[in-house]
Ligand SMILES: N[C@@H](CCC(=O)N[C@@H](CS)C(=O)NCC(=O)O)C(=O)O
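Listed next as structure tokens is one chain, alone, in the form predicted on its own.
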């Protein structure tokens, strides 16, 4: 398999961590949606990362669709997102919150970094960052137990998406150490595990 995208992207890193957690061999092409537009569009017409080229030649796009395929194909009896029941809904809820947090954080960063200064709208940036922080705080409360993992007593997509969202939040200036200390402690623990450590950008 070939993973297209850079691990600075929380979406690409989500897939990279999932591939590593399942012990899968893959090649990674470190390309950016901004710096390598044509190469990315060749894999995904939207020009977005990540994309995953399967051994069959089929290309999957969107991190949610990619991890769903990996869960179905390689997850066995304990996929990173449970196949059904209360556990599935709990994991999907956290994953949706954290991917939404990433969306809002990146909207704020893109606006700040790619819009001419005279056209910046600070209230929009502030609102996006507040939405991100509020979602992170909701998951911070779930991490208050000090458990090694958020849900089900094992690694799930809830942990992976929380990890990438918290890292992005720190990268764009949210002080998670002060505002979400339980979440920060969780991500520190996760970084000791090979799938997280080996995918550091």
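Quick caveat, the model's predicted, so the values are computed rather than measured. Residue numbers count along the first chain shown, from 1.
Omitted from view is the form predicted together with the ligand, to which the following refers.
Participant: From the candidate stretches 143-151, 172-180, 158-166, 60-68, select the single one in contact with the ligand in the model of the complex, where contact means a heavy atom within 4.5 Å.
Facilitator: Only one stretch passes the 4.5 Å heavy-atom test: 60-68.
Participant: Would you classify residue 106 as touching the ligand in the model of the complex, given a 4.5 Å non-hydrogen atom cut-off?
Facilitator: Residue-level check for residue 106: yes, a contact with the ligand.
Participant: Under a 4.5 Å heavy atom criterion, is residue 29 part of the interface with the ligand in the model of the complex?
Facilitator: No - in the model of the complex, heavy atoms of residue 29 and the ligand never come within 4.5 Å of each other.
Participant: Would residue 137 count as a contact of the ligand in the model of the complex, using a 4.5 angstroms cut-off between non-hydrogen atoms?
Facilitator: Residue 137: no contact with the ligand in the model of the complex.
Participant: Could you confirm whether residue 187 comes within 4.5 Å of the ligand in the model of the complex, counting heavy atoms only?
Facilitator: Contact with the ligand, no.
Participant: Can you tell me which residues in 17-41 come within 4.5 angstroms of the ligand in the model of the complex, by heavy atoms?
Facilitator: Those in contact are 33, 34, 37.
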